[in-house]
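Single chain ahead, written as structure tokens, the form predicted on its own.
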């Protein structure tokens, strides 16, 4: 506790904890919807797109890569949604195509136009998060706070419509719900979360923030509302504990958070199995 109190004196540690909690909360809210809609790996695809955009921003020397990364990632989310509804190119194929293409393009650009003496370190930091979460400044923290508030408010305001689109899109469309508009909202919010989460766990581990809490909650609860609330609680708890362990033990931030999510998933699976056996 003394060691933790010592580290908490530094602003960058407090910034990291705040951003980590906010990102994990936002990703868990959309995670349940994405898992149920069979779009679990959209986070993986969009994170690779963001990686490619970051490579382009780095090559042209932009100090604020959000100017390029955010619009490109949002546009890709919309394209994935549209392409995934195409009978010729299914959702999983579209995600794989854009994901692999963007990742290869980004790494190729970084190699050809490299301006860094430590290219391998830069790539590793981007892919796995490394210590980038501990280098946030106050401006980046406030941007994350504002965007997180927008995501949470949008989810609460459109909760009923998101629920309808998630479980039976055809029925929702038949009842007059503008499913295309709400799918677009889901895609844009997902893209925003992915860009924010890259500093936390890196582009290769983002899907874990989306998938693990949702699946863990589904092992314990059945209703959409209960699963969403439980997913948010588990996600925040895993992110906070993972970051604290990482700070104290010196382990990679992103990998430690994902490991915590995996352990909690195992516990939830065991709990769900035992509870099911008792009920029978």
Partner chain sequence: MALLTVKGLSVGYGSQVVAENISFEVNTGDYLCIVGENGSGKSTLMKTLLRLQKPVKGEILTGEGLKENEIGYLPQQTVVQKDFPASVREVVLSGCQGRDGFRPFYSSDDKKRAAENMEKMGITDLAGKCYRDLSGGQQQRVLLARALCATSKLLLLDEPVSGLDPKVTAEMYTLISELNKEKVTIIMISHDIGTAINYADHILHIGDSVFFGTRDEFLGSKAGKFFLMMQSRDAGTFTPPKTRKTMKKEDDVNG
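Please read these numbers as outputs of a predicted model, since none were measured by experiment. Numbering follows the first chain given and starts at 1.
Unshown form predicted together with its partner chain; subsequent notes refer to it.
Screening 138, 156, 146, 112 for any heavy atom within 4.5 Å of its partner chain in the predicted bound form leaves a single hit, 156.
In summary, among the residues 236, 56, 211, 218, the only one with a non-hydrogen atom within 4.5 Å of its partner chain in the predicted bound form is 218. The stretch that touches its partner chain in the predicted bound form, counting heavy atoms within 4.5 Å, is 159 to 167, out of 67 to 75, 159 to 167, 95 to 103, 189 to 197. For the chain shown alone, residue 229 is not a contact residue for its partner chain in the predicted bound form, no non-hydrogen atom being within 4.5 angstroms. For residue 36, a non-hydrogen atom is located within 4.5 Å of its partner chain in the predicted bound form, even though that partner is not displayed. If you take 170 to 189 and check each residue for a heavy atom within 4.5 Å of its partner chain in the predicted bound form, you get 170, 171, 173, 174, 175, 176, 177, in sequence order.
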